[in-house]
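In the form predicted on its own, a lone chain appears below as structure tokens.
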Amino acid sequence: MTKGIAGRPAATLQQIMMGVHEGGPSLCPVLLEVDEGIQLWDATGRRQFFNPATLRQFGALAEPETVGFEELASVCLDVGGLPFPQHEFPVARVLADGLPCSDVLVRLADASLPCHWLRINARPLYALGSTEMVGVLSSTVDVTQLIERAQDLQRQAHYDALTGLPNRVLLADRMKLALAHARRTGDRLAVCLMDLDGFKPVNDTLGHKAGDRLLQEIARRLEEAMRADDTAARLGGDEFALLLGGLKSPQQAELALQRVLDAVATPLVIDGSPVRVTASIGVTLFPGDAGEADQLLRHADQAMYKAKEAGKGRFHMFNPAVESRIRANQGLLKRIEEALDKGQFVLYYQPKVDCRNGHVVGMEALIRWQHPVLGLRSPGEFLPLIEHDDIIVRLGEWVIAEALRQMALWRESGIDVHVSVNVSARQFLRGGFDDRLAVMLAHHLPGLERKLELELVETAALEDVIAVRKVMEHYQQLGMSFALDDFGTGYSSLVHLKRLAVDVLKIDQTFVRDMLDDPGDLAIVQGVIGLAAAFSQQVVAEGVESIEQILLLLELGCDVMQGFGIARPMAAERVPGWLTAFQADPRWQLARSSYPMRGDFELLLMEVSHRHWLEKTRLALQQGTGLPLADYGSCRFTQWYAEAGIRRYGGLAEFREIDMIHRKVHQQAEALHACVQAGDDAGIEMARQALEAVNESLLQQLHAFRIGLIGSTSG
């Protein structure tokens, strides 16, 4: 017999099973009476003993004498409802590592078994006085009632009792998880609040029980219309929340919400009465709306009321940018009113100069806000936000009155200068504008109207051409002039231009700024100048910043300009000194011609086209993208040179020199491209500098050639 600890004989598994050791009493009668399942397994995992409670728990499955733990594990599910892995079954774990395994919760997969939830414990059995494991003792406790009670409490805490949908508490948890997932994946999350339209009449006429059945049916429809991973929650009454995750675009959210609206609006019958309700849904999309959970729900709530205001039975998307502008606008309106009352607005004046003849033709009055904290603010920081509110009318009329007051002061001091004032569409088209203007003019010296010019933005003038023309004609008879500002940015036709009969067209600064580098902008500038000439109107270029732009505009036939390249806007007290000190730039005399001939303009257009190609090359080099390499033969400039250019200028030696330099530009561009392809950083820099140098030589040659042509034509 094997010796155990302290010389006592070791018990065999059979003796342990029978409770027999040195004459001790049998334990089996006790095991037969307990409600806890007791199982004894040998070292191979085969059954050695099951008590009656085990048979009750596992039914016929536990009856075969040769059953192994695998058979019991096969009918068990984990807490997530998935098949329980056999190697994780407590008996298997003890057999594998010899360590106890406690409190493993499983659910029986076979619904015919009386017990549904078991808590399993297992521990190794050793021969007495030995470290040899001879088997495993396991126990299974029926905890079904405990689990079901806990589940009931869980449902009460997290689910709506009437509809079975998640409640506010669970919605908060789901939102936290959904937001974390959206941040991790970059997908959009739609947070929605839904309110039923027409629920109260159903409740009032058919009773609360009918109302409850309607809510239950709506909950069922929501679950059917939404994906399994989405969430529909009831917040109380007839208000629901929806979470739609994993969205790749706003359009996906719109399609999902339309399915929900259609599902809710499908008629049904309750207690024999036909019932139809609709839904109003407010939705905000994360991360476009980057708020936290509470803020997202508030935004969805705001959007829901917008949907109701728009007619119900629809959804409305919360727009963070619009809402932000609305809030900022509301605060700004109040601050602007206060600023007007406190006299915080001032006018600055920017000269308009006839660069061909070298004299000042007028000033444009530009509003500034002298903010007590932020300092001097430009109009672009506040005017766009208030252009559709009545405050723009009050502010605009202050500008006219202040400009007239300043003109009167200048006239008294011997300065008689034209002043142009911007007028908003709301101000111009509001009833009684001409009467209010007459009152303002009457407060000052007679004849000021002949020195006042009103500038109306092109898009504003087109809102009501007839009304605008009526006001213009009245004051044009008194000597006042009118300008169409930002011309080229709107959609006016030649008919509009003829009917409005303005005195001045102002070329928008966006076209002037890029005309040296963008052939499209250059063509627009040249086209506006041509239109002005055709309609016998003066043309003014805005935003002139360089001598190159001035010279080009003079070549194109635009004489009057304004911009930083001539003078920055200045306070009224500085205007007299500036006028006294003004002298025309001698370089303006380089362009003394009238309008260039059509062929000369094509030469200018080709020069700008070449500048545009080089600028694209610079940008591609800076961003590390492929160079816009075009060989010499396919270059637009080359094609023009070989056809129209040769026909017109082929007999001039200077023109043939241009072709030689142009070839060198392309050769150097090809060398730069090769260095980029080879990754030769040092070579890239050398090739870039060489390209810039030869390109500068080409541009100088082109410019000198054009100036020479203009001089010979005018001579």
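The structure displayed is predicted, hence computed values, not measured ones. From 1 onward, residues are counted along the sequence shown.
Missing here is the form predicted together with a small molecule; even so, the following discussion is about that form.
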| remark: In this chain shown alone, the residue from L332, M133, A523, L383 with a heavy atom within 4.5 Å of the small molecule in the predicted bound form is L383
| message | Give me the residue from G198, G313, P569, P576 that has a heavy atom within 4.5 Å of the small molecule in the predicted bound form. | response | P569
| Want to guess which of 148-156, 374-382, 303-311, 248-256 is within 4.5 Å of the small molecule in the predicted bound form, heavy atoms only? | 374-382
| Within a 4.5 Å heavy atom cut-off, is D517 in contact with the small molecule in the predicted bound form? | no
| Taking 4.5 angstroms as the cut-off for heavy atoms, does A620 touch the small molecule in the predicted bound form? | no
| task | Considering only heavy atoms, tell me if E545 and the small molecule come within 4.5 Å of each other in the predicted bound form. | result | yes
| query | Is there a non-hydrogen atom of R368 within 4.5 angstroms of a non-hydrogen atom of the small molecule in the predicted bound form? | reply | yes
| Do heavy atoms from each of D230, L243 and T284 fall within 4.5 Å of the small molecule in the predicted bound form? | no
